[in-house]
Structures are given as structure tokens and as C-alpha cells.
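Just one chain is shown here, as C-alpha cells, and it is the form predicted on its own.
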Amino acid sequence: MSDSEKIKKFDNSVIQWIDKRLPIFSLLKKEYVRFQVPRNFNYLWNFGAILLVLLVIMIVTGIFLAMNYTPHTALAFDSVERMTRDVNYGWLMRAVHMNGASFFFIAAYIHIFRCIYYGSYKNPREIVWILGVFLLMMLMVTSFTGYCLPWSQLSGWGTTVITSLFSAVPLVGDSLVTWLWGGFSVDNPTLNRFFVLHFLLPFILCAFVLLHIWAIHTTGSNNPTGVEPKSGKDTVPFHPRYTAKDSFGLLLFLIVFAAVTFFAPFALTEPEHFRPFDPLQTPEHIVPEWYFLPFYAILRAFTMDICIPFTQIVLLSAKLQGVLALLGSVVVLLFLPWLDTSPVRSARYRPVYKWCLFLWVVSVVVLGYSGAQSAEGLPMLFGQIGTFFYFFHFLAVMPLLGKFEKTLLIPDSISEAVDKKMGMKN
């Protein structure tokens, strides 16, 4: 019997009947049971599965919330409060969805850090990485449009501030803002546009997730050593080893998620989210959700226009510099496979790069702190320093360090690294 025939054989007659006509179970068995993966994955590899489960949770709770939401500026805030107080289990759906956004970004940022640390963006996985960056972009847009829907003080003014940034685009900026608003101010057409986008984008996100998984299963997964599997001893079937490991990691993550949802549901939310939007009263200090704070600090880091010397002709306004830097902070990630010139994937074997990467993480944390503070004094200076090092790491450190860094000895195979590690433990 051929291997393909073995894959298609199931003990359950109903499953076998379905699979003979629509071989979905054979596909799942091939891709998630027999699929060979490196044997040395650590728990950082759990976050792909965690993100997939969170996406399903967000879509399910989002559909429930959409059934009770009214996308109208006069009714949106009250409809959100009503579903929280009066609709059966509406409080739970809102708390899960609201905190789910924060935990989605926690998992996404850890997943991205793991990819950067272990060099998962390098040949032959460039397409996997690029699709992942597009997923991050869509996640940001989806989150921002959802953040606007409660039509609270934070929502309304956040929408006004962020959409107004497009006015910095030369020639077409004002037209872009008018198109986004659906008029000449943030009003009902704006809310309707964002509601439709927020509802549709998760399903587009699902399509990109499928492409992302397809690309991973085509090239195979990276691993902590960065060494490609060379023999059968280097790999194991995905099931049952990693289904069990993923399930354990997912359970721990969901316990923390549930603890926050039930015992501190508003801990990650600003108080201004609980006051209806008043276009005539600007809040004293507007800040986005915590997961956007580093990017917000980058946006605010530019305070001086760039002019032609000895003239008053502005080449780049401070506002446009901030917008370009904000977009560039994400777009630069697309080019990591080519910016990193080192032949070694994993930071385990790159001692200098490991410290540089640590400083980059510190710069992101500093940017987050700066973004949460007023745009003045030391926090502003910290934001500018953090912005400089954020780009300096990608555009200077990675290209140059890869050419001059002396790396550690890399194991010949995954099994050699695992056996050596087990020997050290014994």
C-alpha cells in the first residue's frame, strides 16, 4: 500500500466517506500529524498556534458584538453600554473582545521577536516573513478601526488625530482625509466606514493566515539553532509531540487571559473610553492603546521642519517626517531578509548581535514609555533617542555587523545540538 493510500485510510466510516469525496481529513493528517518539524522547538514556537486560537476567539466574539452594535454617532456609545449591561453575556463578549486585542498583540510581538532572534526571516523563508509582516499591518488597521467604534472620547479624538495625519501627504493629503472621513469632519460616514472595515478585515486576515501557513509548510520551520534538518534524526512528526506542547502553552496563555478578563477587565483600557465623544471638548492627554505607544512616540519624535538652507521653503514638514517614520517603522521589517547580511541565522551563535538586539528591545520599551507621556521634556528626548536607535539597528547595525561579527561554532546538525544540550543536563 502506498503512503498516500495509508494517509487516506481512517477507522471511522463517516470520516472515511467524507474524505473520499472531500479529502480534507487527509490534508489535515498530512499537514498536522505526519508533517515533519525540527525536534528542538522551544515554547516560543507556541505563539503561532496561540495567535490562531485568538483570531478565532476575536472573530466569534466580534460577530456577537456586531449583532448588538449600532454604527451611528448618536447611538454607538449607548449601544456598547447597552450590550455590556443589558444583553445576556454581553459583558463577557465585550471583555473578551476588548482584552483579546491586547493579548493578540502580546502574542504577536513575542512571535515577531522570536522570528528576529532566531533569524526565521532568512533564506528560504523570506515569503513566510513578508506574509507575516503584512499580517501585522492588517492587525494594526483592524485594531485601530475597532478602537474607534465605541465612539468614546478616546475613540472620536483618536480617529480625528490619526486620520488627520494623511493631510501631510503632498498634493493629495486633503483629498485623502476627506475620503476617509466621508465628508469634511469626523462624523457618521467615518464611523460607518470603520465599522465595515473592522468587520471585513479579520476575514481577509484569515486568508493571509492560510497563505502564511502554506508557505511555512512548503519551506519547513526554522528552529533555535538555525540549522536546516539534515536527517531523519533531526525531525519528529508534529503530532503528538507538538500538539501536546502547543496545547500546554495555549492553556497557560488562556489562563492569564481569563484572569485579566474576569478580574481586571478594564486594566488595559484608558478611562476616556468610558465617556461619550464630545467634539467640542478635547481631552487633556490623548494616547492610543498601549500596543501602539512605540509607534505613536516615533510619530511625535520629529519636531522641526526641513527647509532649503537660507530660505523659508519647507522640503519636509515635521508632520510629514513623523508620518513617514511611522510607516517606515513597519515597512522596514519587510526588508530584514536582505538587511541582515550574516550567514548565521540564530542569535544564539552571534554574541555581539545578541546584545544589539537587547538594546533594540530596550529602545522599543523606551518608545512605549515616551508615547504614554506628554510630548515635552525628558520623555520627548527619550522618544527621539529611541526612534534613532530603532532605525539605526535595522539600517546600520544589521548590515554592518553581519560582515564583521565573529560568530560562535555552529553545530553540524539539530540532533548534535540536542544531544549536547541533553548531555550538559545529565
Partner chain sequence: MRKIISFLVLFAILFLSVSAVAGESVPPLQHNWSHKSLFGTYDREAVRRGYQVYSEVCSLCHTMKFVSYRNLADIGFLPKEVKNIAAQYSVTDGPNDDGEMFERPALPSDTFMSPFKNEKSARAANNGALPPDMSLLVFAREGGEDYIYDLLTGFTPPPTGIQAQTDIYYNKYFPGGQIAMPQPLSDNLDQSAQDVVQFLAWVSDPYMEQRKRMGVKVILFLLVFAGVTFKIKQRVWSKAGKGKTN
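Residue numbers count along the first chain shown, from 1. Quantities reported herein were computed from a predicted structural model and do not represent experimental measurements.
The same protein also has a form predicted together with the partner chain, omitted here; what follows describes it.
The partner chain in the predicted complex is not approached by Gly183, whose heavy atoms all lie more than 4.5 angstroms from it. Looking at Tyr369, you'd find a heavy atom of it within 4.5 angstroms of the partner chain in the predicted complex. In the predicted complex, Leu92 approaches the partner chain with a heavy atom inside 4.5 Å. The partner chain in the predicted complex comes within 4.5 Å of a heavy atom belonging to Ser247.
For the marked spot (Phe113, Leu254 and Val362), a heavy atom within 4.5 Å of the partner chain in the predicted complex is present in each of the three residues. Partner contact region in the predicted complex: 38 to 46, out of 22 to 30, 379 to 387, 38 to 46, 65 to 73, criterion any non-hydrogen atom within 4.5 Å of the partner chain. Think of it this way: in the predicted complex, the partner chain has a heavy atom of just one of Ser346, Gln153, Thr261, Thr190 within 4.5 Å, and the residue is Thr261. Comment: the partner chain is not present in this chain, but in the predicted complex one of Lys230, His217, Arg241, Lys319 has a heavy atom within 4.5 Å of it, namely Arg241. Contacts between 74 to 98 and the partner chain, taken as any heavy atom within 4.5 Å in the predicted complex, involve Phe77, Asp78, Glu81, Arg82, Thr84, Arg85, Asp86, Tyr89, Trp91, Leu92.
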